[in-house]
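In what follows, one protein chain appears twice in different forms, each by itself as structure tokens: structure 1 and structure 2.
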Structure 1
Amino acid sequence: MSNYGSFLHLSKPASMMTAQASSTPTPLNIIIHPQSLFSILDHTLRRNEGQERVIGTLLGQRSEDGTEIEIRSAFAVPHIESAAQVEIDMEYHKTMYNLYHKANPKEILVGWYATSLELNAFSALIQNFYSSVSDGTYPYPAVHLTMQVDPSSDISIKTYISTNVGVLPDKISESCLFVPVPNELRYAESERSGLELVASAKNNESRETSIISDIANLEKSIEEVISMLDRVSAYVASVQDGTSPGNAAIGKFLLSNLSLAPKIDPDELEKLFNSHLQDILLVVYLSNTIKTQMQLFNSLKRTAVIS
């Protein structure tokens, strides 16, 4: 019968009102903004001596039906952890959350993060706090994000929501099961150039890069396109010579892409281009004249005052 192993049925994070329990959906996908990840890393760097992991709050937005949660920013919350107990500064969390909320009224509390992959009883306690009625994410489940920032291994990001797996009523606050939820990284168009700039430094020795001008950026993009074209044409040439095996899928893909170039009458196109170019040159000439005149005014003004 069951060749697939054993199963455990889990209910969604239980809410007190049963009528509403079925209407609070579980998140099916979590979207993370890169900025929050960088904030978390920054906090890790600044942790106190002897602290293994740091925790903090996640803020973001929920979609209309609750199935998608977007994590947009994060802030750190000081906490002290020992073998026996864990202590979080809840006052700090509340005040900081209020301040953040004033600046970004659209962002609400969606969960918390920790920088070690292990999930222990303390995690359950903290998760409980964040899902609590008073100022937690009730009735929605709180999202827990763990990020492993150990320099020796790969950075891995995992997101969970919790559900109760209580056996004993007095220990229910300490026991919960973390259900993993798929996550993905997404960013707005406007942030893309920022992220690209930041990423351009990743291969530099000094981890630094400066802001490049538009022309330099254009040159870079053109060089990249040229290198891509070189690679593709080298591949096609080698397939034609018979030195490497051809792949029909790649060939069809290339063909469909190359046929995207539009077919326009060359004379028409030349006329369009010329008029376009003339527009630009006109505007440049105008702006140069204005600039020269301003400089002239400026020097006249000074001589007028002196004399």
Structure 2
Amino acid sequence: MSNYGSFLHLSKPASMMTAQASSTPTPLNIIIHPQSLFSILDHTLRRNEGQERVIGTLLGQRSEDGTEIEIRSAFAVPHIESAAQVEIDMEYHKTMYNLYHKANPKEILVGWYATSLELNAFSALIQNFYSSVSDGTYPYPAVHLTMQVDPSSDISIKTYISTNVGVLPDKISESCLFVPVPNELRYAESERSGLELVASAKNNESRETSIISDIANLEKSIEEVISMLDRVSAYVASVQDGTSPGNAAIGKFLLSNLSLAPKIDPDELEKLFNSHLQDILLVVYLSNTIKTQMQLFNSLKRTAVIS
């Protein structure tokens, strides 16, 4: 081991060391908002006949450390794809991005989507365009979202980032390795009712549903709460009887939530609830009365103009 002449010493190229020193953090999690998925599905329904997949731009926000990306919205980008080549309307992409950015300055370019799970050489070309220095996400990697929209199967969503591979300079633009990144669907509490209404149409053959009234929605919510309470009570009873194994995490969760419940007499709670319900009914009645008066006023105004 004392003969160092038998060893081959290699040093890193300067360009590689510089690239690693200035590397940016890669995203560890992708958060997808429902609005962007609805835009992608709408684009799929409006695609040209015979077009296998559609592509578009993803907009959203990036965390300060770059490890988390939120996909908030998306817009379609026209493209023509054949077995030999792919053409993208880049001017349309730039124009639409500028309009979206003016309307929502906080949303920036984060990547692109395609309605196909296949990754090919064309995917690499498009990925390199969205990761470019001039019009892309550089120095951050672009996110590629693939979505399976076949009506005969469930919707499948996958997200990727990429890194260049290969040694030939003339092939570097179409050679990249797609690395999967975990993703999750997240929505606000204010969007829950709308999403549940849309999801209720899946049980109808016509895929149509009607908007229920506020009272019916309140009744449905109360029934769901009662059903959840029954399930929790049955679980606690089964644990006490020894028929089901206990779970410390579930017990702590139930204890923390029950401790937040106000200590109030059931009769007093029912009285407060009925009073609040009467207030809601009064507001609904006044709203309908004002609406009727406005309609009557417009009808009298049109009659006066005609006469």
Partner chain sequence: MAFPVTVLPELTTPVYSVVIDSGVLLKLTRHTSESFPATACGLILGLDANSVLQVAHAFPFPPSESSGASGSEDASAPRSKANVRYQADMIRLLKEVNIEANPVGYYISSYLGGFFNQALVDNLVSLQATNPNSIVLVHDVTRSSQSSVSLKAYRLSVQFLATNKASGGKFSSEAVVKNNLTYLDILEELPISIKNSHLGTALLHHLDSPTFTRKDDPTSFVSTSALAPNFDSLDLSIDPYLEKNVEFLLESVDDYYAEQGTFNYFQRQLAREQSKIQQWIQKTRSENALRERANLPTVSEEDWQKHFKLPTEPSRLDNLLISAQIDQYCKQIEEYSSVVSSKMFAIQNSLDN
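One-based numbering along structure 1's sequence throughout. Each form is matched to the other, and the largest set of C-alpha atoms that superpose within 1.5 Å is called the rigid core. Only a predicted model underlies this, so the values are computations on that prediction, with no experimental measurement involved.
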| Selected structure - criterion: the form predicted alone | 2
| request: Return yes or no for Phe38: a CA shift of at least 2 Å between the two structures, with the rigid core superposed? | output: no
| message | How about Ser213 - superposed on the rigid core, does its CA move between the two structures by 2 Å or more? | response | yes
| said: Taking the rigid core as the reference frame, tell me whether Glu196 has a CA displacement of 2 angstroms or more between the two structures. | reply: yes
| said: Can you give me the Cα shift for Lys291 between the two structures? Core-superposed, in angstrom, one decimal please. | reply: 12.3
| request: Superpose the two forms on the rigid core, then give the C-alpha shift of Val225 between the two structures in Å. | output: 2.6
